[in-house]
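In the form predicted on its own, a lone chain appears below as structure tokens.
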Amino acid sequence: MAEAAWWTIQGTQLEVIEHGHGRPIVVLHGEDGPRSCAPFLDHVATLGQVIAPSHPGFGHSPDGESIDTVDDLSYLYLDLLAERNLRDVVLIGCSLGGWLAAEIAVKNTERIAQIVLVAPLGIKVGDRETRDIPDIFALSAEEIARRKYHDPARAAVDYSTLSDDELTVVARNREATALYAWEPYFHNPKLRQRLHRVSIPTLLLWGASDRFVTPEYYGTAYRDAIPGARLALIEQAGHLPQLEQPAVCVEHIRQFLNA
């Protein structure tokens, strides 16, 4: 795994993992931060140059002074693409990062050629009385693991073995998730009606065992809202297929990019 570099975009410092060579592939992490996706990033690096930033407040990236919504993050990353003159970009977003990638794509895809959304959050499917997305701040760790993982044992963490720095990152990730996703909870009420603006090839990857936001309910709603989008299910994976089945996910991405 490559060491992190530091990029400054419009005055905002970002910790960025760079890995591999070739076509730029920007990977936007979910609520658990980018380093939890390390095996996935290694696989993705076989397809091109991985650029995986830590959103402000996540990992070691400082808080952004004027950045406190997913909408703000979307403009930050559009600025990143422009300042680094990245073109023909493959944009990959996972969970919270999938929501963020969708927000970017409805605004501007001038520098983006293809988009991959891995179990993205961000839309409202049911009525105002229906909770589409379980409350991770109210559920027990065991219940969250049961809903998010095909094999919940994979979510087990022995915090006594973590360094002070690793514990700080865990706490920062949770605090930043609350900042960006608390209200409205993990969605933008207007995003679903804007997804028709996504005019580039789009692949949705979803774990078949996802009990957090199910592919049958949430995944098909996302697919149907994006013109021409394709939904592929990953067996033996839950809400985090990039962690449980990274090689399978990347093979789907490889086929998508080559189509």
Partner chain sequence: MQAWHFSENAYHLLPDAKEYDSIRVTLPNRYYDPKIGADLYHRFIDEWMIAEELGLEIMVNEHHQTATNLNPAAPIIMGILARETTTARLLLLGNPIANRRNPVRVAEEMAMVDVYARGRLECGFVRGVPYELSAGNHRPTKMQERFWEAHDLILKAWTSHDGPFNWEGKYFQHRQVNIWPRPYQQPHPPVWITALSPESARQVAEHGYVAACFLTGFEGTKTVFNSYRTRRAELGLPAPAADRFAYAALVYTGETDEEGYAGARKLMWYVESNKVPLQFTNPPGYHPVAAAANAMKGAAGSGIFKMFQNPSLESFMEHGLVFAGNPDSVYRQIMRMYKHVGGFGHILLMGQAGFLEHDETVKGMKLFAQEVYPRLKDLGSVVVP
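Residue numbers count along the first chain shown, from 1. All of these numbers come straight from a predicted model, not from anything done at the bench.
From this point on, the text means the form predicted together with the partner chain, which you will not see here.
- With the partner chain omitted here, the record of contacts in the predicted complex names 156-164 of 156-164, 98-106, 120-128, 76-84, defined by a heavy atom within 4.5 Å.
- The partner chain in the predicted complex comes within 4.5 Å of no heavy atom belonging to D42.
- Residue contact with the partner chain in the predicted complex: H187 places no heavy atom within 4.5 Å of it.
- A178 belongs to the set of residues with a heavy atom inside 4.5 Å of the partner chain in the predicted complex.
- In the predicted complex, the partner chain sits within 4.5 Å of a heavy atom belonging to R172.
- Checking I133, L139, A113, A145 against the partner chain in the predicted complex, a heavy atom within 4.5 Å turns up for just one residue: L139.
- With contact defined as any non-hydrogen atom lying within 4.5 angstroms of the partner chain in the predicted complex, D68 is the only contacting residue in 67-85.
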